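First, one chain by itself: the form predicted alone, in structure tokens.
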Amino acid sequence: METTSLRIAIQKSGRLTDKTINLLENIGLKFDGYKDRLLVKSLNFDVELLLIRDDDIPEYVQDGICDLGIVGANVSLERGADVEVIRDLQYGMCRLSVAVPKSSGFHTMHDLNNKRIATSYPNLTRKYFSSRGIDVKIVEISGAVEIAPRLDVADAIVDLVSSGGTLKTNGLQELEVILHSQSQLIRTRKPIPAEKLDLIDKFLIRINGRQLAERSRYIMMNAPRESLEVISGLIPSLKSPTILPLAEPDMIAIHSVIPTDKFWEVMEELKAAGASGIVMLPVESMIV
């Protein structure tokens, strides 16, 4: 399966699939269908997607079958793959937690000593309990882990948690978090040809621009010319703001890009300094 195209492994079907495809499309990559295919070539960038089970992604990247992969940190760590984590992608947030039945009487981790733990993550579970000096029996289950205590298959579970709704539905409560996880971009440690390294650099520029844009907003406001210095000092912009004259000679328009969270911190101060007609717009992508 050697190719000169940059090959990226992604999950074929699962909780990260739609958001991963959305990310790729938002950085300008176009695909002519992908749901029923194993290998999909981009129509406008020299990259192809290999759609496989998420459990297989770390190994495919480790072995150099794929140059890059997008997968949850929980999967990479469970598989113990020898790959390079390039960056977190800020979606697919979840946590791997120990959960127990609310009626169990288990209140601390040490209450689980010599108990049965059902999980789809035996390696991470075994390692965590061992690090705490707690002896447990691992019951490996591939799906529907949360019902194991009700079926008397296990006394507690270790499973992925997002909102916690599934745990509550099954009468479970979190006891301790083992790992915080999210989607990651990983890269093979195998040698990569120069032309592919160039493609990786271009791909990362697009990812960087998209991530930065998601954390930023474009703002526009009108203000008295005499307030420019004060307002410029308040705006936590990436670069110097753009200043435009208005029909009224003593008024100006100020345009800038700022971190979203910072805007709400300074909004009242901007108004107090004389800013008016403040408009905040989303940013699709940025190159800085």
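From 1 onward, residues are counted along the sequence shown. Here the structure is a predicted model, which is why all the values come from computation and not from measurement.
Although not depicted, the form predicted in complex with a small molecule is the subject of the following passage.
**Q** Does Ile21 make contact with the small molecule in the predicted complex, using a 4.5 Å heavy atom cut-off?
**A** Result no; Ile21 lies far from the small molecule in the predicted complex.
**Q** Can you work out whether Asp155 and the small molecule are in contact in the predicted complex, taking contact to mean some heavy atom pair no more than 4.5 Å apart?
**A** No, no contact at 4.5 Å.
**Q** Mark Val136 yes when one of its heavy atoms lies within 4.5 Å of a heavy atom of the small molecule in the predicted complex, and no otherwise.
**A** Output for Val136 is no: heavy atoms all beyond 4.5 Å of the small molecule.
**Q** Using a 4.5 Å heavy atom cut-off, state whether Ser162 contacts the small molecule in the predicted complex.
**A** Taking the distances in the predicted complex, the answer for Ser162 is yes, it comes within 4.5 Å of the small molecule.
**Q** Between the small molecule and Arg79, Pro122 and Thr125, in the predicted complex, does every residue show a non-hydrogen atom at 4.5 Å or closer?
**A** Result no, not one residue of the spot touches the small molecule.
**Q** Heavy atom within 4.5 Å of the small molecule in the predicted complex: which of Val177, Ile205, Met93, Val85 fits that? Just give me the one.
**A** Comparing distances to the small molecule in the predicted complex, the residue within 4.5 Å is Met93.
**Q** Of 67-75, 108-116, 205-213, 192-200, which is the one stretch near the small molecule in the predicted complex, taking non-hydrogen atoms within 4.5 angstroms as near?
**A** Flagged stretch: 67-75.
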